[in-house]
Structures are given as structure tokens and as C-alpha cells.
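Take a look at this single chain, the form predicted alone, given in C-alpha cells.
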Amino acid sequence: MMIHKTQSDSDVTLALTGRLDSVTQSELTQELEKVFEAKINLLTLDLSALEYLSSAGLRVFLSARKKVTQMGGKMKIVGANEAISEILQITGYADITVMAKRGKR
């Protein structure tokens, strides 16, 4: 998995590419720890190039959402393809998914 970080003041976007699973979740966890060292208002996870999401990745999202909320900020997920959007809906993450990218399963 690759992670591309962009930041504008206290808004941070992490664009994820590849697979987010039990093997790669530690990379995202480490990047999020760096992000949370500073006060942020908005964390955006851009899943436009994410091909696969496992339960390990969902746990990272849940943990990140809790941390952002504790900091008084917000988190949103954008760009998820159809298959990942379905996973997010089934698991209750639909309320933080702002926009779904239309794509093939």
C-alpha cells in the first residue's frame, strides 16, 4: 500500500493506493500517529485508488475516527469504489463516506 499525504493548515488528506489489509494496516496506523501529533480539524481518507479493504483496515478507520472525534475534529471518507462502498455501508461506515466513486467490482 502507498500513502500520499497532503495538508492544508489543520486539514489532512491521506490518499491510499493498493490494498489495506492485515499486512499493510500498520503503515496506515503509523502515518495516522504522525498526523495526530498535531491538532487537526478534518481528516480525509481518499480511497479512490484503494483496491481492497479488509476488517483490519476497517479497525484502523474506527480507531482514527475515535481519535479525530476526541480531538474535536471530523473524518470523512471519499472516493471509494463500488465494492469498498458496499463494505462501508454494511459495516456502518456509510455516515462518514461522503462520496463514492463509480467503478467495477
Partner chain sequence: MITVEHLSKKFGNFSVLKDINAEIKKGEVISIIGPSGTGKSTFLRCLNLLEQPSGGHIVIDGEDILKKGVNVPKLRQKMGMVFQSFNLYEHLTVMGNVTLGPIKLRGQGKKEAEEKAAELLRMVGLSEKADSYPDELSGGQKQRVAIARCLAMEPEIILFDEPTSALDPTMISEVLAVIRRLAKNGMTMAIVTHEMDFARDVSTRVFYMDEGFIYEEGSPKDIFESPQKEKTRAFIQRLRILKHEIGSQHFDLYKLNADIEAFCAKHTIDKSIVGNILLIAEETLVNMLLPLKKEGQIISLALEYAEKRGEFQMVLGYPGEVYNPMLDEGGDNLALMIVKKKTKNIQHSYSNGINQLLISM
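Positions refer to the first chain, counted from 1. All figures in this text were calculated on a predicted structure; none of them were measured in a lab.
From this point on, the text means the form predicted together with its partner chain, which you will not see here.
- When contacts are judged by a 4.5 Å heavy atom cut-off, D21 counts as touching its partner chain in the predicted bound form.
- Contact annotation: L53 falls within 4.5 Å of its partner chain in the predicted bound form, judged by heavy atom distances.
- When contacts are judged by a 4.5 Å heavy atom cut-off, L58 counts as touching its partner chain in the predicted bound form.
- The closest heavy atom approach of D11 to its partner chain in the predicted bound form falls outside 4.5 Å.
- Proximity of E37, L42 and M75 to its partner chain in the predicted bound form is absent: no residue of the three has a non-hydrogen atom within 4.5 angstroms.
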